[in-house]
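One chain comes next, on its own, written as structure tokens: the form predicted on its own.
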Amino acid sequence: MSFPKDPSFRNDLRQRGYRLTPQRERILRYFAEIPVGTHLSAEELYQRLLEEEKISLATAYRTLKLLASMGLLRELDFAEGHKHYELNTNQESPHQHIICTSCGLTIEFLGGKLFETGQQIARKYEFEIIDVQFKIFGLCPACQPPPKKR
């Protein structure tokens, strides 16, 4: 994935009054390099980037919010008190999440029909879609209490 080199990304930033700073480029490049399905909080990203270069936590937060508002990253709320982020790469076959509220296990599943429904609703109300998210919260098999004996 090479979003930072993509001229449309640079143009989109410019049209919105932003420039491609080294920090923005590095954060986007980092998300493009990590394994698909990795969800990072701002703090996790900050700690990982600190190993390589100087960046402030405030810059990490601002950049993540900006890139999510542009649709380049997905901002995910897994009901943990903070947001997670992932690269938004697969609009043709969007995935959704099922999350264990006990251990935090997060599993991705394809949700094309859910995405299509979101698009239909957005068109009806004349919204421009940035992202469509569907989340299921529950207990994974390992966290479920054992069945009661009769």
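Values in this document were obtained by computation on a predicted structure and should not be read as measured data. Position 1 is the first residue in the sequence shown; the rest follow in order.
Keep in mind that the form predicted in complex with the DNA is missing from the display, and what follows is about it.
Shown alone here, residue 22 lies within 4.5 Å of the DNA in the model of the complex, counting heavy atoms only.
Contact check for residue 17: a non-hydrogen atom falls within 4.5 Å of the DNA in the model of the complex.
In the model of the complex, the DNA stays beyond 4.5 Å of every heavy atom belonging to residue 35.
When contacts are judged by a 4.5 Å heavy atom cut-off, residue 103 does not count as touching the DNA in the model of the complex. Partner contacts here mean any heavy atom within 4.5 Å of the DNA in the model of the complex, and among 95-103, 121-129, 108-116, 81-89 they occur only in 81-89. Taking a 4.5 Å heavy atom cutoff to the DNA in the model of the complex, the contacting residues in 27-61 are 42, 54, 55, 56, 57, 58, 59, 61.
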